[in-house]
Ligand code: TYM
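In structure tokens, one chain follows: the form predicted on its own.
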Amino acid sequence: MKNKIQLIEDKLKKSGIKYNLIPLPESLPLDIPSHVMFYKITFSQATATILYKTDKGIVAIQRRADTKFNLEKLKQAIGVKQLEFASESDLRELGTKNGLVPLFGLQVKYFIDKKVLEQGKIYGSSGDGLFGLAIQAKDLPKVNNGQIIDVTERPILGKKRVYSGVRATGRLHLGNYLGAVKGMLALQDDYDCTFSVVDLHAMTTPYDPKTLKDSIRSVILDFLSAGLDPEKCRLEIQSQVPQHTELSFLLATLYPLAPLEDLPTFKDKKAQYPKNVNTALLYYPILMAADVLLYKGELVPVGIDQEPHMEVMRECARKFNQVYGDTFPEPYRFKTMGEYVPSLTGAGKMSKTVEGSFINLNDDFETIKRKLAKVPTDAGTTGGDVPKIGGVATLFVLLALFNRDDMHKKYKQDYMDGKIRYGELKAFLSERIYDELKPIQEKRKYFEEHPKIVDEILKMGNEKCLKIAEETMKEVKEKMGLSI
């Protein structure tokens, strides 16, 4: 692998091009949104390199991640009659795979859509998965001898709709932040986003009505302090948009009962709250589907544990479209690096309902240190591969999620060599986590001290959401025969 990196650097240096090789965490998914979030850039700065099979061989087409090709224009521009995505076997023969197609270096002809060159610095793949590559857009044709073409049809981002919600169960913890909120932050600049405090979902398990209002407010404050911008996205409180429950009932007339009883989340909650197995708990996935479909959401930034619920959403959309005509897109999960944040106990997922399993967004440095100190570890002298489960695995997952340099590799090598010092690792990790949470905590104080600003943000967000919800329900009712 080092030889591959060396070839990349030699090519760039020989061309006299300034560049940055950016170390990537091992846990980073091979998709553009995850890389955009990791680099903290916009989609317009990300360059996608796509391999196509044509009647004249395989070619590489490069475009900005916020644009879409006009395929007929593309055929004309590159002078071919047939055009289809290269297969996995085609990619293997070229020494690459989906998500790792490099900005240069493959033995194919490169074509660059001219909109790529409108940017300053662009980001793309080096081809190895260990490093991302950043160069000036103007230098791309120099390094890959790419032919510049004009084939953009239209922007694709800003068109897709995104929806995600967080239950109103008090302050957000690190798992909520990494698994959901960071995905929201990655999408709000380029997509049409609605983010919600889903207070109705909080009522499906035991809760205190005296504190629910404060819990709702607390999540909104965490949203704003983490960086959600009401000028870029809509923020709502689920119960204040009654169309959520209205649509959920209509979807329930289409969805069978048995699959809901088989969902792993329902079984888990039954076991967790055996004396509170209410109908709403069973109904939860239908309401969740209505939440997303009400805004015709296409992407949902949630953790991997929510995939069974995502399939319920898609099935609701499919059934409605089959019976009443094309109305809803089938939503898909937007993956984040933190889609599964393990518990500090070393067992299961980080959860507010499991004492000692989580770090809150408002935890100070000493609290974070104290919590991490309790993470169970082994002697650290055995060596070998890092375990996949348990407290040690939790530490390494967190280390990868907060990695900004090669320290993850350093500690991994220490473990493999049987000489890791967990006290040092936990202290280092405490600093990294607090460094990211401190500005969030400082921003939260501002919103706590200015409640009228928060009230106005919520009023504006709910009004915008109500308008979209009313339009959707008007369409749904007409198709279902409920219009007068």
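Worth saying up front: this structure is predicted, and the values here are computed from it rather than measured. When you see a residue number, it is the position in the sequence shown, counting from 1.
The form predicted together with the ligand is left out here; the points below concern that form.
- Of the heavy atoms in Tyr340, some are within 4.5 Å of the ligand in the predicted bound form.
- Contact annotation: Tyr284 falls within 4.5 Å of the ligand in the predicted bound form, judged by heavy atom distances.
- Contact annotation: Arg167 falls within 4.5 Å of the ligand in the predicted bound form, judged by heavy atom distances.
- The ligand in the predicted bound form is approached by Gln306, whose closest heavy atom lies within 4.5 angstroms of it.
- Between the options Ala180, Leu344, Val392, Ile216, the residue in contact with the ligand in the predicted bound form by a heavy atom within 4.5 angstroms is Ala180.
- Contact with the ligand in the predicted bound form, defined as a heavy atom within 4.5 Å, holds for exactly one of Leu294, Met350, Ala186, Cys193, namely Met350.
- Residue heavy atoms within 4.5 Å of the ligand in the predicted bound form occur in exactly one stretch of 273 to 281, 85 to 93, 108 to 116, 172 to 180, and that stretch is 172 to 180.
- The three residues His201, Met288 and Val300 all sit with a heavy atom within 4.5 Å of the ligand in the predicted bound form.
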